[in-house]
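Quick heads-up: it's one chain on its own, the form predicted alone, in structure tokens.
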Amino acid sequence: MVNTAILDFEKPLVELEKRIAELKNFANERNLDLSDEIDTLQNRAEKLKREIYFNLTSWQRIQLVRHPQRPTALELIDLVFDDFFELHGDRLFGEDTALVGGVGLLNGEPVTVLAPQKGRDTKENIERNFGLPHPEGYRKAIRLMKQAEKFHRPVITLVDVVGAYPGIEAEERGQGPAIAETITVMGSLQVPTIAVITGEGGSGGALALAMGNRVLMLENAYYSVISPESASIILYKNDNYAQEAAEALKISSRDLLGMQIIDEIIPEPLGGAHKDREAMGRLLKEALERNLAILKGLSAEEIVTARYRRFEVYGKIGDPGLE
């Protein structure tokens, strides 16, 4: 896929890469040997690339996470799981296309997969409600979690959601209770649960799907009770301070690992997950397989107890009594 979205902090690198391409074309057209000049520019570009992407601010990581070409949930599912079969409906109101759920194979083992799904373009975003789940989406998640427990399947969630849908109709159909029940059900499952924050992890809409025995996070993802823009609006009545809020909220993967809110950071290809989807899929699959292998050695009682203890220490820093 051609990269058509260039972020502000990427422009110096893009300009340098453009110069390299032009110089290569010029050398080919004139049959000139400009390999030394090209190598010098390529070395400079590689150095600049590492300087940019190894020193990203929280706000710049948020921009990467919101990149229009970042892999969606269904694209990651296709890369990681075999024979994924999607299941539909909450058996109460209807189907919610904003939250995908089904059964797939991870290294040959059946697992239940749940994930909010954003659209790739305007039409698909409308069809998917911009990836904002309705109450029936969370009730579908509850149904599939209970089904997974019945058939002894691990539950894996891929979380990329700004938050649950805030519309009046969602409130009328019980958005709050649906989120609360999802948190309760996922927290008490007697099968291994792994949650991966793959993009935006916002508010209760994300927390409802993140009650995992292990909570993993892609390198450039964020996880927060509120978006930086919303925090700025609440505090300053406008979104002019979103960048400052992003830093103050401590929502990056490194910050959250230090506070024990997540258990592991999954590295992304240099420049973001959209730069190399296949590599991102391999990194995600390896992390899931490794963590699931650890959890499979626990009994049902140990799984529930370990999950409870994990969230009991939420946000504690430097406690020497923690294991």
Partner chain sequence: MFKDLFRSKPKYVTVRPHKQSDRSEKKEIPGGLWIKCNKCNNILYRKDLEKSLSVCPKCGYHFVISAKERILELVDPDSFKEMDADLETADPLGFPDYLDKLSKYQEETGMKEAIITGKATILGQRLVLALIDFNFMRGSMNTVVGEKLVRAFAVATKEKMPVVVISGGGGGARMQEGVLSLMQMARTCQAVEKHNNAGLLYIAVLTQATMGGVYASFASQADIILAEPGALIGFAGPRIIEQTMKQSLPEGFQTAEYVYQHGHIDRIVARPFLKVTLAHLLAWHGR
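Residue numbers count along the first chain shown, from 1. All values derive from a computational prediction rather than experimental measurement.
One more form of this protein should be noted, the form predicted in complex with the partner chain, which is absent from this view; the next part is about it.
- At the 4.5 Å threshold, heavy atoms of Ala248 reach the partner chain in the predicted bound form.
- In the predicted bound form, none of the heavy atoms of Glu200 sits within 4.5 Å of a heavy atom of the partner chain.
- Within 4.5 Å of any heavy atom of the partner chain in the predicted bound form lies no heavy atom of Leu298.
- The partner chain is not drawn, but in the predicted bound form it has a heavy atom within 4.5 Å of Asp90.
- Partner contacts here mean any heavy atom within 4.5 Å of the partner chain in the predicted bound form, and among 28-36, 258-266, 63-71, 273-281 they occur only in 258-266.
- Proximity of Glu181, Ile226 and Tyr308 to the partner chain in the predicted bound form is complete: all three residues have a non-hydrogen atom within 4.5 angstroms.
- For the options Leu158, Leu99, Leu218, Ala164, the one in contact with the partner chain in the predicted bound form, meaning a heavy atom within 4.5 Å, is Ala164.
- Annotation for 187-218: interface residues with the partner chain in the predicted bound form are Gly187, Ser188, Ser203, Gly204, Leu207, Met211 [heavy atom within 4.5 Å].
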